[in-house]
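Below, in structure tokens: the form predicted on its own, a single chain.
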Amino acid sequence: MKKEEPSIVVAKQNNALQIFALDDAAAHLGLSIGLPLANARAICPQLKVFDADEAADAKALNDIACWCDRFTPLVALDPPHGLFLDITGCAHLFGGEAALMQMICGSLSRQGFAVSAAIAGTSVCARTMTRHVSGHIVPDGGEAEAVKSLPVFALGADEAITRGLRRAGLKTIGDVASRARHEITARFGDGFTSLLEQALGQGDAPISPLKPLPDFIVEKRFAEPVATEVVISATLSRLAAMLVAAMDRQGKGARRLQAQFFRTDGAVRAIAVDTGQPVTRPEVIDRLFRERLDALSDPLDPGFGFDLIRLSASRVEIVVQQQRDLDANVHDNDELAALIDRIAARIGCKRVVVHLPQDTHIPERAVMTAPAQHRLAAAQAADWPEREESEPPLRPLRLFARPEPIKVIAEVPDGPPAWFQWRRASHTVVRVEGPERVAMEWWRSREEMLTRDYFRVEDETGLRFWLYRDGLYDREIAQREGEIVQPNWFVHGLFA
């Protein structure tokens, strides 16, 4: 059997190429992380060298973290190469701590990853153990005894601190722990002292999970992977019933739901749906996910099958009981909210919007669009200005997102337009209403904004436009050596 050539990954650090990662063959030659590439080639000229891709490494680590979510929802990143898993209350589901660690390491090893793992009462102690001893389970209260013989570099402190400890004759963690804390703090700082205490089990810091912990979780594990749409749909229906039963015991309903599909090859697919009102019926959850799955541009690919399907409610609300038998308005609101939820599940919640009035006289800011699922009640209770009967509308039905410039001829400089050209078409004005003067809200913008004079005009063919002149003569429009400066005109909207 041909012996494999040693391989290393290099990255530029301190203006020099240094070893960023290496395989077992390179480690057996005495190479180590941080060694300059020139020194490594002198030791082993036949080295295979690869450039580091930190972005790809980060993505791979994030994917592994998503895969580890099947064991515990509390998974945190420990960059650049590590993960923290809080398995408190989860280990018994997998046959104990030893069986769980063997399952995780075995699965990752079969996927081609080199894994080192340890279990301890604190995250720092577990990380310290993985850097020197793999597969060790530290009993409660035994952290100090477990790490005392490990070299100081296993703590993961800065290289300058590690070098200073060695120069002081402190080669192991036990040597450092034997010194008084105030001495360590005075020499190496509070951060290192806190790190040391956590490694010894004398303190702990909470991890920051990659994903927030859902309020309710239900899941189904399969002895044999499933891949058929019928089984997947039936599983989601059963999980929806279990989730609703769990929420009902606390009088809550779901506003945001997420289904996660864990493939046997480690890939994880998550699909989320939002609702306008708290959902308390499993058939509604089932219908929303059916709509979402049918509308996926990237269909759900089971690959070799899913071995775990999870349904969680990441946002819940207390359900307010209402009289629904005699109140027709409540039924109408429920049907409208359900329709909005179904449409949003199919095309996206940001595409189903309502319009809300705003307290401003600036035309383009008078209306705000908001997701209908979250602002339906506000839209139904909105107070819009009423139009006077037998009077023409003051605002156009169609308002442009951005006013479009036009060429205008006016009889007097500050008078209404007599002719204008818009989109290469000429229009002769036969009727004019205005001006309506609108001053800009100077307290909301640092930029200088000109006053507008709006005119409602009608051309010879009966088309009606909403035009405005930007700026006031002799105030905001400056003169240039006696020459008349032509103002800028815009069309802002069209009337019916």
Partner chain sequence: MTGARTNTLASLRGSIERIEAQADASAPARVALGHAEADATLQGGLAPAAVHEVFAEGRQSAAATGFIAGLAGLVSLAGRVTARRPLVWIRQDFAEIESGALSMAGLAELGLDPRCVVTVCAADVDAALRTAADALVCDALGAVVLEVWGEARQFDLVASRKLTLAAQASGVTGLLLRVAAQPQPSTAETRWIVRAAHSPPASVGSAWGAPVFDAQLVRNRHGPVGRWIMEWKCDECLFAKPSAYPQPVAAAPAHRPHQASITGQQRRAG
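Given the structure is predicted, the values throughout are model-derived calculations rather than measurements. Residue numbers count along the first chain shown, from 1. By rigid core we mean the largest C-alpha set that fits within 1.5 Å across both forms.
Keep in mind that the form predicted together with the partner chain is not shown, yet the notes after this line are about it.
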Exercise for the section: Quick one: from 462, 45, 30, 34, grab the residue that has a heavy atom within 4.5 Å of the partner chain in the model of the complex. Expected result: 462
Handout entry: Sole residue of 347, 320, 180, 114 within 4.5 Å of the partner chain in the model of the complex, by heavy atom
Key = 347
Practice task
Heavy atoms, 4.5 Å, the partner chain in the model of the complex: which of 410-418, 206-214, 251-259, 221-229 makes the cut? Say which one.
Solution key: 410-418
Practice task
Find out whether any non-hydrogen atom of residue 396 is located within 4.5 angstroms of the partner chain in the model of the complex, and reply yes or no.
Solution key: yes
Exercise for the section: Find out whether any non-hydrogen atom of residue 97 is located within 4.5 angstroms of the partner chain in the model of the complex, and reply yes or no. Expected result: no
Practice task
Answer for residue 359 alone: is it within 4.5 Å of the partner chain in the model of the complex, judged on heavy atom distances?
Solution key: no
Practice task
Answer with yes or no whether residue 288 is in contact with the partner chain in the model of the complex, where contact means some heavy atom within 4.5 Å.
Solution key: no
Exercise for the section: May I ask whether 353, 387 and 390 each come within 4.5 Å of the partner chain in the model of the complex, counting any non-hydrogen atom? Expected result: yes
Completion exercise
Those residues of 428-444 with a non-hydrogen atom no more than 4.5 Å from the partner chain in the model of the complex are 429, 430, 431, 432, 433, 434, 435
Handout entry: Core superposition between this form and the one not shown, C-alpha change of residue 387 at least 2 Å
Key = yes
